[in-house]
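A lone chain, given as structure tokens: the form predicted alone.
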Amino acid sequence: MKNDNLKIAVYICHCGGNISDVIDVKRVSQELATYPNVVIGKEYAFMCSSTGQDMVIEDIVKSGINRVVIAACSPALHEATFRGALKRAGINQYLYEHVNIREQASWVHKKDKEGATLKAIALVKAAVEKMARQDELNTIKVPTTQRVAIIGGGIAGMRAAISSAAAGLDVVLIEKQSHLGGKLKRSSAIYPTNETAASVVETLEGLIELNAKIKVFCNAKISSISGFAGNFQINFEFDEAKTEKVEAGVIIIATGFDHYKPYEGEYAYGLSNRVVTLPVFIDIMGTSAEKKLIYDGKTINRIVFVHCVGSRQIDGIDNAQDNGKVNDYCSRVCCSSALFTINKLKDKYPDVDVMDIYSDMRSYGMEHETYYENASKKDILFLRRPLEERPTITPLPDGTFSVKTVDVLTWNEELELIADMIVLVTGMIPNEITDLLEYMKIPRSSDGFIQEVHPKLRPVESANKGIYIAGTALGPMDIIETLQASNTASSKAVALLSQPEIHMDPFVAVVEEDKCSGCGLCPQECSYEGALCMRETDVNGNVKMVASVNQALCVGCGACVAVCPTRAINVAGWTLDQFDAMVEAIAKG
């Protein structure tokens, strides 16, 4: 229903030229200034700046503005910014509509300035019509359980547990294996500190054991996860026959990664015991105490390292994985890990000849380039191959290997190397956690890792409020990055649970009970368990079945709205009346 006594202000942002270089912003603001219910139409260079926000606040206070429309960049960037401005001005933060005329007009119509301007005018008019029918909305308040449940007991989960407990929260740490530490439960050295992996794990374990706020469950298998931000329930079995139900306000997923395992025959893997992956070779180095490197009964005098095994794969050249896709991403940490290991190898066995076949050397971490420089000084032979050409590795009768490759550094010369051992520098792949993601309705990225909302604006946040991701569950990271991401996830959890209630956006389904026919179509369409159900209630003196919404579980997708035959359901802030008015405004232009 359209509201009376409307005073709508419209602001058009130049976006530093991103918009104004294509769209005639002055024309847009002038035309909207004369549109029904609009009392102010302005354009400004940077609406998101403090000066731009102050302009909006001043107009609300001095001119009695009660609705605001801002046409600018993506709402993902500054919707929260402008809502905050409305709150500071003393009006409801949801009486504001953000129009994206950068991505939806100027950027996609750079060669048609007139068309882009007309489109911007139509989009802003639609937003005005929407605001003319906008009621005040209030955030949904959900009581919280002051506990964090962490799934995964590797270093990411351990670090997140320690940080969360240090902030005063109770923590439950759930690990599927019989011990904490994950893939760092080994004796080899790690970069850049040169500590043993086990010592890092032991330090974290010690901190966990001393903290009464952290409860650890090992040998755990999760059977279900339900609930919503502030009130999640996790059911699992542990130590075989025992069962446990944990209630938590926040979940942190720290399920880690897996090492890529080459298929039989890939770079001769599986054809000889002396074709090993880098993680296996690191363990060999960590346990070897001989003056010479001896493995599989043979003295190793020459080793060839091959990079990008299981990473940066190419369709049509590499075999697809179980998901039908190749791993076309870079695993980032492999080059540094290989170079670190090569330096350790040469320090321990200086007489072993080492050749390194790579396509691009990406030692991206701070001072990691020194690994490459030091290896070069130790006479490591680096051979750069084209990305699309794979080295051919053939086991020979005498137990050695023939390695044929093209070297870009010698003008694509074809070379044949003879080696006693092959080390495949394998990448990181996502852990198999399909069931967990199904329980929590969490999407994957194109690489198969868990998808965060935005890598810069909302890192470690999942699409499901109250669920955060720590460490390599997000993607390839080294140890330092993993610990940093874990602390970030913990900080998000602490911030969310800092108050006894969580405030959630009100854009959820709302039922007009007098219009509801009780047909039951909407719960069948809902993808979120418990968000929508049928219940018996008294409506104007008559007892009947009506649709009922759990506001904490509803995500406002609108699927229920689409199947309701009586238009009894709307999404707050996006009602059918608002949509009708917006479409009509766009049609009129």
Partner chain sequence: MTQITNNITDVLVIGSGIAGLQSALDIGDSGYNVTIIEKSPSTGGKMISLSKVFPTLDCASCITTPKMAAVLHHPKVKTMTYTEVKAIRKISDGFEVDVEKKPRYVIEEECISCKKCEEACPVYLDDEFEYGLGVKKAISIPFTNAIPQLPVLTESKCIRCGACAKACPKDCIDFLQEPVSMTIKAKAIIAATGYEIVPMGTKKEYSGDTLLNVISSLQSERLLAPHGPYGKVLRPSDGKIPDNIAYVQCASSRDKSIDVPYCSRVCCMYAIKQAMLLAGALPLAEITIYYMDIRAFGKGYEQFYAQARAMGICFVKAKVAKISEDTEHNPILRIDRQEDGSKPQDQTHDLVILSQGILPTRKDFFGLDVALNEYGFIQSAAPTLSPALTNIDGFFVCGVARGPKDIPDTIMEAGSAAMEAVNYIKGKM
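Under this definition, the rigid core comprises the largest set of C-alpha atoms superposing within 1.5 Å between the forms. Numbering follows the first chain given and starts at 1. Everything numeric here is computed off the predicted structure, so don't read it as measured data.
Another form, the form predicted together with its partner chain, is not on view; read the next lines as being about it.
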| query | Looking at 214 to 222, 488 to 496, 349 to 357, 293 to 301, which lies within 4.5 angstroms of its partner chain in the model of the complex, counting heavy atoms? | reply | 488 to 496
| query | Judged by heavy atoms and a 4.5 Å cut-off, are S163, Y372 and I479 together in contact with its partner chain in the model of the complex? | reply | yes
| Looking at Y329, F232, Y267, F236, which is the one with a non-hydrogen atom within 4.5 Å of its partner chain in the model of the complex? | Y329
| Since exactly one of R385, K465, R147, R274 fits, which has a heavy atom within 4.5 Å of its partner chain in the model of the complex? | R385
| query | So, in the model of the complex, is A189 in contact with its partner chain at a 4.5 angstroms heavy atom limit? | reply | no
| task | Report yes if any heavy atom of K245 sits within 4.5 Å of a heavy atom of its partner chain in the model of the complex; otherwise report no. | result | no
| Does E512 make contact with its partner chain in the model of the complex, using a 4.5 Å heavy atom cut-off? | no
| task | Could you confirm whether P455 comes within 4.5 Å of its partner chain in the model of the complex, counting heavy atoms only? | result | yes
| message | If you apply a 4.5 angstroms heavy atom cut-off, which residues in 26 to 48 are near its partner chain in the model of the complex? | response | Y44, F46
| said: Core superposed first: is there a CA shift of 2 Å or greater at L271 between the shown form and the other one? | reply: no
| field | L381 C-alpha moves between the shown form and the other one by 2 Å or more, core aligned | value | no
